[in-house]
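Before any questions on binding or motion, here is one chain by itself as structure tokens, the form predicted alone.
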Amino acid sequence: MEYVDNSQKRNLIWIALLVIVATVIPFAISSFWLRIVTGVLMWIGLAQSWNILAGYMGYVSFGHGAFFGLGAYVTAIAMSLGVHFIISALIAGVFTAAFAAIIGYPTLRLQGAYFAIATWAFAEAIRQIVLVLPFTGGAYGMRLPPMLNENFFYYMMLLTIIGTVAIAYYLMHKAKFGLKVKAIREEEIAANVLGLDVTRIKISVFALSAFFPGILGGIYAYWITYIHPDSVLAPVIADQMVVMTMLGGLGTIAGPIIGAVVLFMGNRLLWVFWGDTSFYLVLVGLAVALVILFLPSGLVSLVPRLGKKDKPKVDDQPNSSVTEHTK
């Protein structure tokens, strides 16, 4: 017990230090680098949201970028009607979560490659629809009122990422809900036999994983002041979520954080010093290949404590105990 208490104290100290450092960053670096750090935070949130669905429940989605784009457009439309930005971003998050719940009911009946293809098709359909709708600006896109305050967007991203990581950690590692989700990942049929409401749990996870990209999309739209279907609904957004999470470590809290920092910072640094990011794709492919060969659990496995995954220890418990924990 003393070891556990000491470990928790150390964790709290590290968290406090990270929060202090994150709070003072805007006052210690230039506005150029602050934009880059803000971008890192955004991709951490996107990768973590994808990890909630794929890493913990085992459902790989190639259409998660659609929720980011929907959040951007919902925020832009709400602000054009006179709604305050904060409220608009929250509306975007709720809208994308509700929309995910609606489309999740039929698509989550699929598994494996079928589910991945269905989500990709859904994202492409959304992009094509937005291109022809008059109130989204169609192919001309939408403009938002400019706000020249980099610190504001940094702190908005930071607060959203803290919320994303905290909720993911609590639900998936501390709450009983996480055991239910992981039971579906390990053996969905067995989880159903145990009496879990598998359909409700899967829809809840899908909606939760869409909520945060919706908010982040809203913040991003206000940040860059102009959105277009080819920018906020591009397939590459979901692709980068997948690569960042897989590179960092699937099914862990620290994995998406590490993957997002490494890939996004690598991209920006190549652009800063070389002026061309095409070589970035070669480096990403090489990095992913090396990680798959030598670190199949991702970069987070280099720090075993961070890469630890919670799994139900069913071998050490009687069946009645397992059932009690999962209900």
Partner chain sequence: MDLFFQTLVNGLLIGGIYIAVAAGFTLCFGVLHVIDFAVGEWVMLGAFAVFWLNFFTGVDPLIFLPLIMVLFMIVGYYFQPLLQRVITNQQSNALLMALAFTFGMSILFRGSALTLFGFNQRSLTTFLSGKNFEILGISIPALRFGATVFAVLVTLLFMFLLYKTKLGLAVRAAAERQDVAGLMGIDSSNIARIVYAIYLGLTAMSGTFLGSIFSVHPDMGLRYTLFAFFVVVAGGLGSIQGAILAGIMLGLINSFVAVYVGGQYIFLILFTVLYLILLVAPKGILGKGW
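Residue numbers count along the first chain shown, from 1. Since the structure is predicted, the reported quantities are computational estimates derived from the model, not experimental observations.
Same protein, other form: the form predicted in complex with its partner chain, not shown, and the subject of what follows.
Only one of the listed residues (V165, A234, A116, V83) places a non-hydrogen atom within 4.5 angstroms of its partner chain in the predicted complex, and that residue is A116. With the partner removed from view, the residue among I203, L110, I224, I91 that has a non-hydrogen atom within 4.5 Å of its partner chain in the predicted complex turns out to be L110. Every residue in the set I103, R127 and L281 has a non-hydrogen atom no more than 4.5 Å from its partner chain in the predicted complex.
The candidate stretches are 129-137, 212-220, 142-150, 68-76, and the one lying within 4.5 Å of its partner chain in the predicted complex by heavy atoms is 129-137. Its partner chain is not shown here, and in the predicted complex it never comes within 4.5 Å of any heavy atom of I36. Taking the partner from elsewhere, V242 is found to have a heavy atom lying within 4.5 Å of its partner chain in the predicted complex. In the predicted complex, at least one heavy atom of F294 sits within 4.5 Å of its partner chain.
Of the heavy atoms in A121, some are within 4.5 Å of its partner chain in the predicted complex. In the predicted complex, G58, V60, F62 are the residues of 48-83 with at least one heavy atom within 4.5 Å of its partner chain, listed from first to last.
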